[in-house]
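One chain comes next, on its own, written as structure tokens: the form predicted alone.
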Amino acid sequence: MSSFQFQVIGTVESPYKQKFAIPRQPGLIAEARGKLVLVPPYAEDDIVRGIEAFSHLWLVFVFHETASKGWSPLVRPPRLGGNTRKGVFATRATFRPNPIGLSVVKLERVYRHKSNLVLELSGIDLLDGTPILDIKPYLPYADALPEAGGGFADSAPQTSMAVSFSQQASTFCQAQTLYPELAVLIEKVLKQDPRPSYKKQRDAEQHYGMTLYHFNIKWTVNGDHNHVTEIAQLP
């Protein structure tokens, strides 16, 4: 067969409402919590029987936001500064012949909400609304290979970025009670330095904004310092 058709089994509810600011890989920000909502006919209790015995899961998903943009045999990995080309199969870039991705997440709990089955997750790197095609348990003895080589991404990305909060931003994080780890999540997202590679070379102060959960976060970047200037709840 030259083509296959797959069914979406559920969608992800994520704090990341836009591609900008999503960490490059899963597990880098443990405070990034989300939900996988399984819908009928994939919301039967039997379909997840025994799943809570596993601490982590593999999610097979669709790059739904970039799928319509096609694919490219060569891409520019952000990890290499966006200047070096690599074959798409030597990267985890989104512009693939088949726009599917693989992400390992931590399973926090499973519960039912009306006719849906919900898997609460953490450490996610998925855009809000991401369609899920399959779930597989993570097996440490087979999936964790300490001797494996990581090519040009042999270790977790690190930056020297510092993060501070204005009085308004700090007070906002403390006042809202729905997401107690909001300040930590913002700090870790900004320490990843989500800016495009070409903007990291600029010395002038830069102004940015992003949406996490239903909050609009604004910050400035000056050298290696991020300063969160304002946080507001979206209407």
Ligand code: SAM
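In case it trips you up, residue 1 is the first one in the sequence shown, and so on. Everything quoted here is computed from the prediction, not taken from an experiment.
From this point on, the text means the form predicted in complex with the named molecule, which you will not see here.
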item: Within 4.5 Å of the named molecule in the predicted bound form, all of H64, T94 and T130 (non-hydrogen atom); value: yes
item: Segment that reaches the named molecule in the predicted bound form - one of 29 to 37, 191 to 199, 165 to 173, 56 to 64, heavy atoms within 4.5 Å; value: 56 to 64
item: Any non-hydrogen atom of T211 within 4.5 angstroms of the named molecule in the predicted bound form; value: no
item: Close approach of L102 to the named molecule in the predicted bound form, 4.5 Å, heavy atom; value: yes
item: Partner proximity in the predicted bound form: L126 to the named molecule, non-hydrogen atom cutoff 4.5 Å; value: yes
item: In the predicted bound form, Q25 touching the named molecule (heavy atom, 4.5 Å); value: yes
